[in-house]
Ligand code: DGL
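The chain that follows stands alone, in the form predicted on its own, written as structure tokens.
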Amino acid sequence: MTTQPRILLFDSGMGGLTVARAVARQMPEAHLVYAADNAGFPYGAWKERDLVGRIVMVIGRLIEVVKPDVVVIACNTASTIALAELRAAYKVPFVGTVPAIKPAAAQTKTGVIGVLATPGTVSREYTHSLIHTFAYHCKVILHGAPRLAEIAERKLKGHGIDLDELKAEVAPVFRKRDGKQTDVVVLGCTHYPLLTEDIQKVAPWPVTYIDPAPAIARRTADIVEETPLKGPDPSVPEHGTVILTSARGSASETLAAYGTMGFPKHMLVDLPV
């Protein structure tokens, strides 16, 4: 590939860095720009209609700044509520992130699946439709963990984890039923793979954890292959830039965390709530 594909990765916060890491491994030649809507974080507190409007507006501004070939919505909440609206509003190809319920249903041996997600993702019709379509034959335990994304961000910023707090956040997906127990847990928020090793420490028994990031990276590579590339543009942010929508996210520990995940440069596109 002679031209670098320019990929914009978007999340409400730092969770999408797990997807960015996978995309970088899949496509080391790609020009990656990460954007965090930290002005709107956390998305779980928003009313759905207001949040859809927010996401469509923010993505529009980011497309103007980055001029991407492909946009990866590295956020389950944004994908489940706004992907259709984004595709209708903008011509750039989008790759979404949805709970990995289909592969979980294929991998489970006991038929008992846990889905760790945000409260918003758990309540969305899209998630229930995935279960009805792909896991109708399984017992699916949905749990909207209210603080897990924030715990993940704290960890990435170098803070310790309260294992008792973490245990309480994840415990509901570990269930026993008719002599069988959860054997697969879907990490239904891109923040959660940052905590996999920690969750393993507090889990009551071993399970398979499904991180959707590698599959998203493969899908992104497929879309890039099908997309005419725009080519170099000196006006766009450099590779390895993180864009923040509020200056309140520019504390040194936050920027250091982005740097450790491959985004050492930063810029502000001020989009207040």
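Model, not experiment: these values are computed from the prediction. The numbering used is simple: start at 1 and walk along the sequence shown.
One more form of this protein should be noted, the form predicted together with the named molecule, which is absent from this view; the next part is about it.
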Inset, instruction - Have a look at 132-140, 162-170, 87-95, 68-76 and name the one stretch with heavy atoms inside 4.5 Å of the named molecule in the predicted bound form. - result: 68-76
Legend entry - Full three-residue contact with the named molecule in the predicted bound form, heavy atom 4.5 Å, for Pro42, Ala149 and Thr190: yes
Inset, instruction - Consider Thr118 of the chain shown here, and say whether it contacts the named molecule in the predicted bound form, taking contact as heavy atoms within 4.5 Å. - result: yes
